[in-house]
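Only one chain comes next, encoded as structure tokens, the form predicted on its own.
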Amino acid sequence: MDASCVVRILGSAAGGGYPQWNCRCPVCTLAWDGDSRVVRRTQSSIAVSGRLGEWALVNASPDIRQQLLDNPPLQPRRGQRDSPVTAVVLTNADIDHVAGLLGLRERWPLRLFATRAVLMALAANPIFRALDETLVERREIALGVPFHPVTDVEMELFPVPGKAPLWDEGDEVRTDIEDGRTVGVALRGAGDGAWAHYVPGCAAVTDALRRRLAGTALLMFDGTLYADDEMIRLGLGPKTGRRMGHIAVGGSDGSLAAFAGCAIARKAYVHINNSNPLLVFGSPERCEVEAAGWLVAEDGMEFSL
């Protein structure tokens, strides 16, 4: 039977992409030097389509124009103005997930789906008024309530531990907030198709989250940093991964250990930071996650459900 839903990885890197424009950390240096063990990546986003050929973006990367150029199924097909992209779903208001909305402002009707918290964050920033309100319909989505961003795809938003976006942080920063500011997305082809889950940002794997994700046909999960102190150790920044709202992959309290033994058919790390050795084919860290059954997502990778 034909797949009822297709998921395409548009961007597999974290904010800044890979290599990051101003970085010569050990992993970025490989890319700048043309090393065959690494491939370049754009910033985090996926696209989802059902049998009718409409596409919904999940997050709008700052690299959205390049991603559309790189993916022919998402390109115009007929007439002077056309696009099979008719919806955008947001998992939070991070810059690497919403800045691409400004690249979709050229008078094309879109439906924008997000939680109240994320829509309020956009409404508070006047730059997003560039999206013509007569063409871009903003729809508030409640947690746990199914919706259809395109006709033949069903989605549901669920809370995951996270924090306010960097540009909206206050004096006190909490990374355990589960109020809709950071969500995961459950998705499937409309009907009784298999579920997939997309969680590009997550500060901790709780028991409740593990139970929700157990049994999924496909998990695309936050792989930002391999080690929690990675940025500090490499001299790239003062924050741990958890302080940035991202659980590490490795370590006894990392996501690799958290999902060990969890019944998940296919699993792939997404939203991978430029400093992460998972980006290097053959690295000990990559061999470890591959031995545990994980893929390291690349731009253009496609999954059928």
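Everything numeric in this text was worked out from a predicted model, so none of it was measured. For every residue, the number given is its place in the sequence shown, counted from 1.
Another form exists, predicted in complex with another copy of the chain; not displayed. Remarks below refer to it.
**Asked** Is T216 one of the residues lying within 4.5 Å of another copy of the chain in the predicted complex, judged by heavy atom distances?
**Response** The answer is no: T216 has no heavy atom within 4.5 Å of another copy of the chain.
**Asked** Quick one: does R78 come within 4.5 Å of another copy of the chain in the predicted complex, counting heavy atoms only?
**Response** Contact with another copy of the chain, yes.
**Message:** Can you tell me if T42 lies within 4.5 angstroms of another copy of the chain in the predicted complex, counting non-hydrogen atoms only?
**Reply:** Contact with another copy of the chain, yes.
**Prompt:** With a 4.5 Å heavy atom cut-off, would you call V98 a contact of another copy of the chain in the predicted complex?
**Reply:** Yes.
**Asked** Just one of R210, R139, R105, R174 has a heavy atom within 4.5 Å of another copy of the chain in the predicted complex. Which one?
**Response** Of R210, R139, R105, R174, the residue with a heavy atom within 4.5 Å of another copy of the chain in the predicted complex is R105.
**Asked** Here the chain is shown alone; which of L69, A257, A265, L52 has a heavy atom within 4.5 Å of another copy of the chain in the predicted complex?
**Response** It is L69 that has a heavy atom within 4.5 Å of the partner.
**Message:** Given a 4.5 Å cut-off on heavy atoms, tell me which of 192-200, 177-185, 82-90, 145-153 is the interface stretch with another copy of the chain in the predicted complex.
**Reply:** Going by heavy atoms within 4.5 Å, the stretch is 82-90.
**Asked** So which bits of 13-40 sit within 4.5 Å of another copy of the chain in the predicted complex, heavy atoms only?
**Response** The stretch 13-40, when checked against another copy of the chain in the predicted complex, contributes G15, G16, G17, Y18, P19, Q20, W21, N22, C23, R24, C25, P26, W32, R40 at the 4.5 Å heavy-atom cut-off.
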